[in-house]
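First comes one chain, alone, set out as structure tokens in the form predicted on its own.
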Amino acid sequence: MKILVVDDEEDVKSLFEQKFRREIRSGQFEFSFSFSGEQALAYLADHHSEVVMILSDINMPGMSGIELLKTIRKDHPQAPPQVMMITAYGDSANHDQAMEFGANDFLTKPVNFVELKEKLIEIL
């Protein structure tokens, strides 16, 4: 499964590669990383048919994760990709807004990687 992780914090790349080391080695998951909403859209323009899941932070400078989600749902109305929003703020307003604009799921930071792996495996 090809997963695009969108987060303005670049250390998230090494964290995901460490937490999913076994799944990456076995070919179960393949991760790509974008560090802004704009980068993610550029990546999707070239790789849309490959990406099965997008994990996106909500609070990013420039294009927010919610704006990215709206654009993805407008430009690619039929799934895939599935979109899971991730935020440090687990308030109901963020959750409700993400779900209203078409998020498939919602996680809060710090990410519980055991829970995330279970959700990703369910999608497989």
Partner chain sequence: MGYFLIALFLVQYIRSAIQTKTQHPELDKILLYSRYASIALLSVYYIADEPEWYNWLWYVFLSALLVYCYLREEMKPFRTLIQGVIPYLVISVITDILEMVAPAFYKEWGDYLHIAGFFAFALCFVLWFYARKQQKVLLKEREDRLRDELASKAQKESLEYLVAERTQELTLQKEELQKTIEELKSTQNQLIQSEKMASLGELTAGIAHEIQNPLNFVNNFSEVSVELCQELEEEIDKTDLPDSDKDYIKEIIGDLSQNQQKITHHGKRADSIVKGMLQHSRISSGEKEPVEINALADEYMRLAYHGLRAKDKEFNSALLTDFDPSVGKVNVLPQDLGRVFLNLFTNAFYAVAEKKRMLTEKDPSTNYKPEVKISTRKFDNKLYIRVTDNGTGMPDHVIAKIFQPFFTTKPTGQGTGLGLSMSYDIITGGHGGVLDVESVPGEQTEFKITIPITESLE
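Positions refer to the first chain, counted from 1. Computed from a predicted structure; not experimentally measured.
Below: the form predicted together with its partner chain, not depicted.
Using a 4.5 angstroms threshold between heavy atoms, E100 stays clear of its partner chain in the model of the complex. Of the heavy atoms in E9, some are within 4.5 Å of its partner chain in the model of the complex.
Put simply, A88 is close to its partner chain in the model of the complex: some heavy atom of it is within 4.5 Å. At a distance threshold of 4.5 angstroms between non-hydrogen atoms, L116 is out of contact with its partner chain in the model of the complex.
Not one of K2, A42 and S49 places a heavy atom within 4.5 Å of its partner chain in the model of the complex. Contacts between 1-22 and its partner chain, taken as any heavy atom within 4.5 Å in the model of the complex, involve E9, D11, V12, S14, L15, Q18, K19, R21, R22.
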